[in-house]
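Shown below, as structure tokens, is a lone chain in the form predicted alone; questions about how it binds or moves come after it.
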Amino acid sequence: MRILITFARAYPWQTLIMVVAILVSGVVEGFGLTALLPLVALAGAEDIMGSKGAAVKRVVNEVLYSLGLSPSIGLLLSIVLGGIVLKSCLLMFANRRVGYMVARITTDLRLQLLRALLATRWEYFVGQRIGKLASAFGNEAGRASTAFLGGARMAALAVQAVVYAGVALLVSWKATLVALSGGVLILFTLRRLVQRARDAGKRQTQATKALVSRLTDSFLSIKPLKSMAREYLADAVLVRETTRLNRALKKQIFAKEALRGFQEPVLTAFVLLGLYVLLVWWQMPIADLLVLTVLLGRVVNQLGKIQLQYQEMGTSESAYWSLQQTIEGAEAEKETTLGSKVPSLIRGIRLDRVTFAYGDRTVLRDASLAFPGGSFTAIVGPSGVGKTTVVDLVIGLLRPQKGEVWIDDLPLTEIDIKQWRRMIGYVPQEILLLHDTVFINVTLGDRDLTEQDVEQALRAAGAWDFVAAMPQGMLSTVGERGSGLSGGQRQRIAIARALVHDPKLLILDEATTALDPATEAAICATLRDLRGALTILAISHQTAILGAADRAYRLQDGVATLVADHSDVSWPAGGGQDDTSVTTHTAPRKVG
């Protein structure tokens, strides 16, 4: 029941409205059912009515007389029908509220997970499996709302059972208590089937998470697998995980259907036994027996439904707790933002005696680098020496264990990191294009950007000529992952995407590595044309980029060495406050 309490605390007013509607519907139906006793009396069976039934009949008649109504068969039938109709309307309203809450819970959980993940530290985020997060976002959020739905239905059934039992107590408290005790005993006897379904639900959550993770990894690597005719390796892994999930689902279905199958005959036998006891042993009056049979039959039936809904809730709630664990883990790793100052990036960027290590592996050791404003700086070196680490430190995704990163004369720790990142255009090594238009791929759906902004960015990236030649220009679709474009064209679209927000710093992370020499040279020429309009930082393990850069560093064994400097710069690589001005051989201009 902890999950119901959790949801009630999260949505107090919605829960209150739902509970009140369910409660009122139960009371209305209960009052309607009490009209059965005076109806029986009017039908000529008053002489076989017990004292309790007669008492209830008198109370109902008094209520009707006080309202200026005279009991009649038509009126009493109308009251019974009206109670059922009104109850159905109230339940429909309550169920609609439940449906709205289920949809909202699913959406809120997904947004909570998404925002928690986007706010985490970079080291934490890159350590997560995409498939696991996809399973949490899709499957677990949906099943969590299913758990709430089962709990809400269980609460509604419980309210109705209480109302039926209350009316039955007025007719015969002994028979009602015996019926309730027997019903509870039956539910207790069948509890193991509920527990088996709960355990199967936990295994389903784990198996689904593993399967989606494997599926995501396999699809991301499907091209090399098919190229080497080794897709059977992915097939074997996915078959194993799918079989594991299937076993969990089979156990869950068995427990659910077994409970449903055992409940009906056992509860029916119990009701028939109760009728025998009431008729033969207790010799209950026929009129009271008829009404009591209706009431207790409903009580026992509701108890059975409550157990089924409890099983449904137990089957799905493991997904909610798994999702909550993911959310809480992400929130505990939230990225801290200490600074509040807004940078300008006029003089440049410096890494001052920076040391950074991944665990026991040190990639930068007292490294000092300077990237003057308006210049084009390249960092070269073999894979794994820390080039991307330098970029991540400049962006603020990572923080050095020693030393400091400076933007002009402000340490990065004092800067509003969000404001700083909005000044950056980033081009990754692996270009991800959406199966959409060039316009959408450049703007990424930003409604503040116009076609004129996109055209300027495409021109600055050297992409306008081939985009304008496409059938629908910038409104042409690029294909799945940009399959309709060449490698160099995809690269230029990515550069335009980075430039469209008019950044002050353009970062290219191994962005030319997969290109042929001619295309790489053309991209480097485009980058040289952007010098002065913005500061450019490019990293590569190839040396072709050196010819285009104003200055270049080589990283090796955690040490940065300046290997080329064609810029007119008088600015130290280290230090904090410095009044020396910085000049380069290019004059600033606006991109595009």
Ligand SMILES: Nc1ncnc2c1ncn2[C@@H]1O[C@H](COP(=O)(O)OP(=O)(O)O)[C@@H](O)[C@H]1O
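All values derive from a computational prediction rather than experimental measurement. Start at 1 and count along the sequence shown; that's the residue number.
Another form exists, predicted in complex with this ligand; not displayed. Remarks below refer to it.
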For the chain seen here without its partner, which of 401-409, 430-438, 499-507, 385-393 has a heavy atom within 4.5 Å of this ligand in the model of the complex?
385-393
To verify the annotation, which of these, 188, 276, 232, 358, has a non-hydrogen atom within 4.5 Å of this ligand in the model of the complex?
358
Give me the residue from 363, 417, 157, 210 that has a heavy atom within 4.5 Å of this ligand in the model of the complex.
363
Contact flag, residue 126 vs this ligand in the model of the complex, heavy atom cut 4.5 Å:
yes
